[in-house]
Ligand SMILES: Nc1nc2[nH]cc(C(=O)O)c2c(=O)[nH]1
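Take a look at this one chain, the form predicted alone, written out in structure tokens.
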């Protein structure tokens, strides 16, 4: 599926502009192994949309957020591309795929065809669509693109990111509606106080149970070298706090190659 360059820095909030009604901005579509979470190792088709309502400084899909690139495709076209692969699992990811209304239509159609769907989301949007696994990655304070960490070097997104990054009521609703894993990108031990506090707040707000097994700690790092520096520390934190450790299998196997 081809990809076209969009204007750098565009904040795609909804599928609009030159697109046909109902189109999705697709950055890439490929088959690989799920690299993270409880389904790590499962062959899956990945549908990566472009555009995000946040700007994590360590974003590992830079060309869906800081400099979004994509071509517009209708849901039928995306389904046809998925069906070219021999896989039962589909991962809808981004960017933030749930900011696009047509993601709901795609998820409905995938469910009708019997696919298992995982949605990788930052937990700021609740969709009206079937999802088999909501892989929710709440963004911690350490994700905020301050001027010192901003890839563009100006910190322009810091306030917007900080304002949008967490919504406990939205996280609670996701936990209530879907089978959910809460997956935290851990940059250091200092993240744990915020993780512990947020989990307690979600547990208080949600009617559904959030088990320790539903909480996953994942090392920050986009390359093997970066993961080598953080992997053991995060594994030790998982042991200490009783949460699950999740690898980044695709990075271990293919480093930072696109389409993996």
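Residue numbers count along the first chain shown, from 1. Since the structure is predicted, the reported quantities are computational estimates derived from the model, not experimental observations.
Below, we refer to the form predicted in complex with the ligand, which is not included among the displayed structures.
- In summary, the region of this chain contacting the ligand in the predicted bound form, judged by heavy atoms within 4.5 Å and restricted to 231 to 239, 192 to 200, 207 to 215, 34 to 42, corresponds to 34 to 42.
- This chain appears without its partner; in the predicted bound form, the one residue of 117, 102, 93, 180 with a heavy atom within 4.5 Å of the ligand is 93.
- Using a 4.5 Å cut-off on any heavy atom, the residues of 233 to 260 that reach the ligand in the predicted bound form are, in sequence order, 250, 260.
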